[in-house]
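Okay, so here's just one chain, in structure tokens, the form predicted alone.
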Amino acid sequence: MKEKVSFDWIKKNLFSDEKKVRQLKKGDMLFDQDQKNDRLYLVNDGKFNGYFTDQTLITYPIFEAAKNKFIGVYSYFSEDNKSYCRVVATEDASVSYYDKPLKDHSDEEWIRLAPFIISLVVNELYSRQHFARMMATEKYQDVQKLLKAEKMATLGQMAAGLAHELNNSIGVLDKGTDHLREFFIHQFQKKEDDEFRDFFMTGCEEGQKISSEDARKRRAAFEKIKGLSKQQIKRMSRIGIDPNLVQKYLRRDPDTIDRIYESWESGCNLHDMRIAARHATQVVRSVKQLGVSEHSWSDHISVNDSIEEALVILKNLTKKVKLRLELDDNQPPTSGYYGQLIQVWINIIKNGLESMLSSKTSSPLLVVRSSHNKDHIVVEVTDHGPGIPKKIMERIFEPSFTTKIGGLSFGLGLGLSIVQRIITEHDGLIEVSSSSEKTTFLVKIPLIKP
């Protein structure tokens, strides 16, 4: 009974001749494209790559071969023995070769070797397809990275232009507000205007201090004062003025009540305009940092500042929950990508906010806390929402992973994949813990070593 043809049999009977071994250094060429090759090679050690150069002289990698892989299959079995690619050692390598011409094989040898040849061709096809798929995947990923880089560059340019235009407008608004404040103060120069100036300054410095709920509670005291209209009662309740003082002004001159409110309201409007101008400036700066500075490494950044920048951008969402900010007053500076850190906090905080708002959590609370030890700055973001189900906890950092349960979105997806990548680039660590009552993301960023 004939011995079964296996890889070991092939290696022993076809590739064991010590005289038919080639040693190659890294960069050496085994054979060139369009060169005649009448040998079938078996890789003993090392690695090889095959390269094809087209008519435009662009060279493409088309296969790779490591230990126990065959090289030269196409050219050895083809009629003209012509190689369609150049094969180069990518590291020091050793190959054995089989060079018996095909025409010299007997019918019995062909029958015996047929299963090996079929297996060899199938494996060759599979290897080439696998390599082509791998190259296509890498090319796709490179294209995506390029598109992202171009998108971020465009965003940076747009953000810079937007910031420039808005800063000019906001600057005019800010200066105009200060000018109007000084103008109104100058208008209250007469002695009889002292009281109105005081109410104007109260509005300028404090704004609308009385909440709507407190104003409703105070309304009863003003309703007892005869001579006040419903509108005046409502207005006086908002100012925070003593009802006895209102009664005194009313006895002296009923028109005084309206002038008091107008003076206070003018001050409040200027107060709100100044706040709005400063807030707009912060938003512009934050967006500019996010777009322009994402890839700008700095050796002296404040993690606390990056958290506050993120909260400025998320202000509309944070208004809907109770926000507790506990930032480390003695936090040391560290190094990193300031714009990327803003993106980290935006993604984590936004996930927590959306989780609580989507689930209609009663008394939604978000806690953002920072601290530091001898090695790291530590940031914790805790939302008191429904938590992340255990069955999906292990997948939340996967790219493109999202989840909706019964219409409830947990806000998980590309954001957390980006977060993990950014933290890894900073040599940091991100951990998550979750229960049915709260979810905490803990981020550690290394401190600068002295």
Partner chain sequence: MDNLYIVCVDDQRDVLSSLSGDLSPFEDLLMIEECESAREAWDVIESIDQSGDHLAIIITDQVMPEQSGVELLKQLIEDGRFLFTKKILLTGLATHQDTIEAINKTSLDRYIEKPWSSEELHTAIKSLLTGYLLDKGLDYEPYTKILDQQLLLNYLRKTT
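Predicted model only: the values in this text are computed from it and were never measured. Positions refer to the first chain, counted from 1.
The form predicted together with the partner chain exists for this protein as well; it is not shown, and the discussion that follows is about that form.
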Problem - Triplet 12, 130 and 133 all within 4.5 Å of the partner chain in the model of the complex via a heavy atom - result: no
Handout entry: Candidate stretches 319 to 327, 333 to 341, 137 to 145, 177 to 185, one within 4.5 Å of the partner chain in the model of the complex by heavy atom
Key = 319 to 327
Handout entry: in the model of the complex, the residue from 172, 121, 210, 113 that sits within 4.5 Å of the partner chain by heavy atoms
Key = 210
Fill in the blank from the handout: Interface check vs the partner chain in the model of the complex: of 224, 252, 300, 230, the one with a heavy atom inside 4.5 Å is 230
Exercise for the section: Answer yes if any heavy atom of residue 238 is within 4.5 Å of a heavy atom of the partner chain in the model of the complex; otherwise answer no. Expected result: yes
Problem - Contact flag, residue 219 vs the partner chain in the model of the complex, heavy atom cut 4.5 Å - result: yes
Problem - Non-hydrogen atom contact residue 259 with the partner chain in the model of the complex at 4.5 angstroms - result: no
Exercise for the section: Would you please decide whether residue 248 lies within 4.5 angstroms of the partner chain in the model of the complex, comparing each non-hydrogen atom pair? Expected result: no
